[in-house]
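Below sits a lone chain in structure tokens, taken as the form predicted alone.
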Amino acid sequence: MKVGIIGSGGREHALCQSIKNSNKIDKIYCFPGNAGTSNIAENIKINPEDFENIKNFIIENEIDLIIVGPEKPLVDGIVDYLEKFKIKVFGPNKLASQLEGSKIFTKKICEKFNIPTAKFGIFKNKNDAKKFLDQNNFPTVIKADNLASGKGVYICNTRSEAEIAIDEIFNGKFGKADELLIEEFLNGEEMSYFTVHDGKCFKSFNTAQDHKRVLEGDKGKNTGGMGAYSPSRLINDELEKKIINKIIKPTLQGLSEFGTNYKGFLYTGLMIVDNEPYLIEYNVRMGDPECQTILPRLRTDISDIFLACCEEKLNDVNIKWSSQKSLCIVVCSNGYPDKYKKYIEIKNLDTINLKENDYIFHAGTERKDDKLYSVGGRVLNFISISDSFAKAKENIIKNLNTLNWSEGFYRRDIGYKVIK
């Protein structure tokens, strides 16, 4: 079977690696991929937003299954487009993808179906948003409605910080903004809960905890993710039932009232307060770097899961997991998430002696003339699986010390809540 993966980040490299482990797969293509995927797949230099050229390549090369990694093609409707040509695609359609494409769309479903979430207001201009701050407690959370690569969420401790956030969003920092959200700040602990869906049923796809802030101690600006660990320390049977019954099932009911169902991965971003889940956000794909942390723990052939979802047969698949712990640390270019240099050589990667349960997934990398270069803000993902988070982290730090890349940085406290 031939498989195509759309995307170029660490998530897509992790997906490539999992798919490569299947004995059903003969060939993998990645659109456009990175230096890491090029060792496993054939990288195809087509922009993920160029639906027609992707479609033509799929048909010409008789690719059997397409997996969409990032959110933007999903929100823009790539699934709907490819399905018109009878191409098998794993991922939600354009309408269902509004769960991530518009935070306000999701909040309105929460309102209608009494899904527990932070109290919120929706504002169409700067003046009304700033007036609302008069009656607001701090800290408060301000969110761009549209896609912002994980960076469109501001946690504001003062009114001046909140006003800057409002100005930046309405001034177009994350694209044209017709509306924004102001939410109450929930004081709890975050958790990422993943499910996989075939349109009729869904199954749990494990849990993780990511670290969004750029600085140690979870301080500084929001990023796409500086590291993660799996499973979350918070998950228990009672909490899982609450997440499914109070949040996921009512959301699927809301989508059904719009005349659609959900296929693909669903990332439910939660705040847990006294063992009660509150919805922070949905992502309509695997998280990044949570995907890199979760997939190495998967013991079921991932191609069986993808095919079952496309054929509405997920109930027939038994998803099995390793009981071990997984940790991921992301290496970023100096300056990220603000300005950073590109095309900086990374010299020592090939000298790292990876053990059986250690992984390096590429993100913003490119290979040119047999040399490896950084081309993004988040560059490499170092992962280890072990019986304890502490041992996994120790393994990663050894490999990071071997890398010794002076043009990059990483957070040294990833997993601090689960490592004493």
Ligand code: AMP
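The structure presented is a predicted model; accordingly, all values stated were derived computationally and were not measured. Numbering starts at 1 and runs along the sequence shown.
Beyond the structure shown, there is the form predicted together with the named molecule, which is absent from this document and is the topic of what follows.
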| query | Since the chain is shown here on its own, which stretch among 234-242, 153-161, 250-258, 84-92 would lie within 4.5 Å of the named molecule in the predicted complex, judged by heavy atoms? | reply | 153-161
| 4.5 angstroms heavy atom contact with the named molecule in the predicted complex for A118 | yes
| For K263, is any heavy atom within 4.5 Å of the named molecule in the predicted complex, or not? | no
| query | With the partner left out of view, is D128 within 4.5 angstroms of the named molecule in the predicted complex by any non-hydrogen atom? | reply | no
| query | Hey, in the predicted complex, does D167 get a heavy atom within 4.5 angstroms of the named molecule? | reply | no
| note | Partner-free chain; cross-checking the named molecule in the predicted complex, the single residue of C332, I280, C309, I272 with a heavy atom within 4.5 Å is I280
| query | Of the options F185, F174, F132, F105, which one has a non-hydrogen atom that comes within 4.5 Å of the named molecule in the predicted complex? | reply | F185
| Does any residue in 298-323 get within 4.5 Å of the named molecule in the predicted complex, counting heavy atoms only, and if so which ones? | none
